[in-house]
Each structure stands twice: as C-alpha cells, then as structure tokens.
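Just one chain follows, in the form predicted on its own, and it is written as structure tokens.
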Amino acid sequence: MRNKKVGIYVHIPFCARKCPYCDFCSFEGSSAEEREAYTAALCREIASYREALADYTADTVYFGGGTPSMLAAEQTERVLRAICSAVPLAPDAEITSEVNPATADAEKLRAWRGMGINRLSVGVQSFCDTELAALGRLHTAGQAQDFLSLAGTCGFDNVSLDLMYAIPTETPETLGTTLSRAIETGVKHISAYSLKIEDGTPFAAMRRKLILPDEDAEADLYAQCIDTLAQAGYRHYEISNYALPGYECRHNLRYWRMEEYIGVGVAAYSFFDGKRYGCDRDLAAYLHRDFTKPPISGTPLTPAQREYETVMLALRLREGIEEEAFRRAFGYGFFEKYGRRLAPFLTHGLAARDGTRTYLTDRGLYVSLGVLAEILDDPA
C-alpha cells in the first residue's frame, strides 16, 4: 500500500544567459544536443528510483534551475512521464515549474498545462526597468506583465512571483512600485529575496562599484515587503515567502518540515530514507553516469543532527514549533529544552509563544541566523 508521500525536485541547469548575481548551478550557451542528452539522463536517474519508491506517492513535483523553460515542451513531458512511471502522482499533486518570462511562449505554456503542470514560479525580480537592467535580466517590466497575463490565458491560476530587494539603484519608492504591480497581477504567491553578493559571481568582482543599501536600509525594505503584502492579504509564512491563504508552496514546505524528497539532476540534493545526499556540479559526468541503481548514499542523520535540522528549518516558518509534536519526535518538549536560551529573544520581541507553539516574529525572522546561532549546539 502506497501510504508514504514524497516530493520530486528536477534540476534544469540551463540558462539563456547567467545573471551576474547567480550562484546556482546553471550553464549558458547549451546546445540542443546537450539538452537532449540531459533529458535522457534525467529519465534514467528517475527510473532508477522505481523500486525505492514502491511504497510512495508523489504529491509535489518541482522543476527548478537554471531555467526549466529552456527545455522543449516534449522534453519536459518525457521527464514527467518518467516520474509517473517511477511513482504514482497524487490526484491533487502540486506540479510547479520555474519560468523566465523571456524563454516561454503561449505554445509552451499550453503544452505545460496540458501535461499537468499546474503552478508557475515566475522570475520577475523587479517591475522597474532600471533595476532589471542592473540585475542583467533579459526581460523588461512590461514583458513580465504581458507574460503573467498570458499565463492566466493559458490556464494557470496558481502563479508565484520571485522578487528581489536591496538591489542596485533601488529605493523604497521603486520597491513600492514593484510590490504594487505584483499585487495588481493577482498572483497567489510572492517570494521576496534580499540580494546576496555570492563569492565567485560577477557581482562579487564588482562589489565596490555596486551602490547597495546599508544594513538598516535593507531591514527597512524587508519590513516594507511584509507590511505592503500583509495589507494586500498575503500571509508571511516563511522568511522570504508570502501567500494568499491556501496557496503556500507545498513543495518548499516539505524542505522546511523535514519531509522526504528526491532531487534529480546535476547539483540536486535529496532527503530520503533518513539521509541527505546529492550530485555534484559536473555536468559532463552526470550525462554519462550509470543509473542502474538509485544514487542514494551517505548515512542516516543522527538524532542530534535531526533535532538540529528540525529546529533550524522549522523556525524559518511563522508556524514555528509545536511543543507536543517536538516531544513525540525527540522525547522532550522544544521549550522545555530551549526555553532558557530563547528567553532574551522573547523579551526583545524576536520570538513569541502562542499556546504551546514557539515561533520567530517578523523581526526575528530577519535575524534568524543570529538567533539560531545562539540557541543551537553543533550536532557533530
């Protein structure tokens, strides 16, 4: 009987052009032959999990990247068919694809909808053209708005936007414009991420030339996102994520709730059978990999590691940690163990309790790394 649930993440590492701030595993300038070889390798890897997934049903599938819309619709459909052959999809499965407004048209959107993709995550980043140019994006604000209208026409009513703040040339006024236009589109979900300058990226090489907000200004922009989106009915349910009621990203919730998922593709990671494991960024090696067996590797997390990760991930969510659920998992309550360490954060309004649930406030989420560093011990 298939009574276990699993999520499937599919990494598509190709981009029309790599953005100068991006540290994700992606490659520009791929050939049609390379994308076809990658599709075939994905299907082999997925098929290798068939036996391991014998007791499972997949209730979420997520195509991420890179730019998943770089694959032809027929290639995406083959990957979905491979997933369905390896593990049944739940009738209400959430099937998401990330998409760049510059790399998908009506034909591809209709094909996606027809094959069962029912949620889009659109990389808009900003609705101000000067900011899009500073970020190296391929689309304009007008093209992004046209694409969102097209997505609705093609049958997508569950759409998420990716936005960025604390980006070069941005002001509270331009962020306000971006948020207002995002809200006006009627999307159900918005992810708003602060720009981080990652080592090894072009932005890192030109860090001194970038005009970026200081820490206080960045915190104000974060608060502006929360306030503006809350007024429009979007619930701030995770550090960087906001949703209308019932439209939280079910796939990403798997990560934060320590639920099982399989990641396939180059640089994809999994949490399955109690283990975390993944593939490196070597695309050439991946294309020729022998997938006669699923690439499950490593040792199960120790109880200390599982507790550490549970706390670290759960406190990203506004729902926080429920005392009795934690006790059932670890033999003692969360507040029972961590209450003394949390006391200063409760006093200063960075953490709060609601009955038996402990969570970080909006202010606490913004400095969550510092809070977690103070309350958690190294599990090693």
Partner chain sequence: MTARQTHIRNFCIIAHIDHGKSTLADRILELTSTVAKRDMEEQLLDNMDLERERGITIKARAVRLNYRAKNGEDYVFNLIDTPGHVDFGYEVSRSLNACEGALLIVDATQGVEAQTLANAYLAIDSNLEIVPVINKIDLASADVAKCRTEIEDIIGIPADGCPAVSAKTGLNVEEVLERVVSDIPAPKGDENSPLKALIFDSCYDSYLGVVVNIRLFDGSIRAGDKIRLMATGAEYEVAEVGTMSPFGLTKQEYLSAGEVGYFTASIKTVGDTRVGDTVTGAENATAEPLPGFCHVRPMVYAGIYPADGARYGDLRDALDKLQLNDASLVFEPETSVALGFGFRCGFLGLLHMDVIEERLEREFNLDLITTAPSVIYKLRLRGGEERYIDNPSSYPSQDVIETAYEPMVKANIITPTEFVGGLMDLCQDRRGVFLDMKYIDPTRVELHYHLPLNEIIYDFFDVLKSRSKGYASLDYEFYGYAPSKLVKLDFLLNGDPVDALSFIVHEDKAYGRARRIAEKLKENIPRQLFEIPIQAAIGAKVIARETVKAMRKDVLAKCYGGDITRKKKLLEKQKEGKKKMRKLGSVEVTPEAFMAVLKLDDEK
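Worth saying up front: this structure is predicted, and the values here are computed from it rather than measured. Residue numbers count along the first chain shown, from 1.
What follows is about the form predicted together with the partner chain, which we do not show.
The candidate spot formed by Asp220, Tyr261 and Glu374 is fully in contact with the partner chain in the predicted bound form: every one of the three has a heavy atom within 4.5 Å. Within 4.5 Å of some heavy atom of the partner chain in the predicted bound form lies at least one heavy atom of His348. Interface membership of Leu365, defined by any non-hydrogen atom within 4.5 Å of the partner chain in the predicted bound form, is confirmed.
At a distance threshold of 4.5 angstroms between non-hydrogen atoms, Glu198 is in contact with the partner chain in the predicted bound form. The shortest heavy atom separation between Arg316 and the partner chain in the predicted bound form is within 4.5 Å. For the options Thr174, Ser240, Thr228, Gln75, the residue carrying a heavy atom within 4.5 angstroms of the partner chain in the predicted bound form is Ser240. Think of it this way: in the predicted bound form, the partner chain has a heavy atom of just one of Gln145, Thr103, Asn158, Ser194 within 4.5 Å, and the residue is Ser194. Heavy atoms within 4.5 Å of the partner chain in the predicted bound form are found in exactly one of 285-293, 85-93, 305-313, 180-188, that being 305-313. Shown here without the partner chain, the chain has Tyr261, Tyr269, Arg276 in 257-289 lying with a heavy atom within 4.5 Å of that partner in the predicted bound form.
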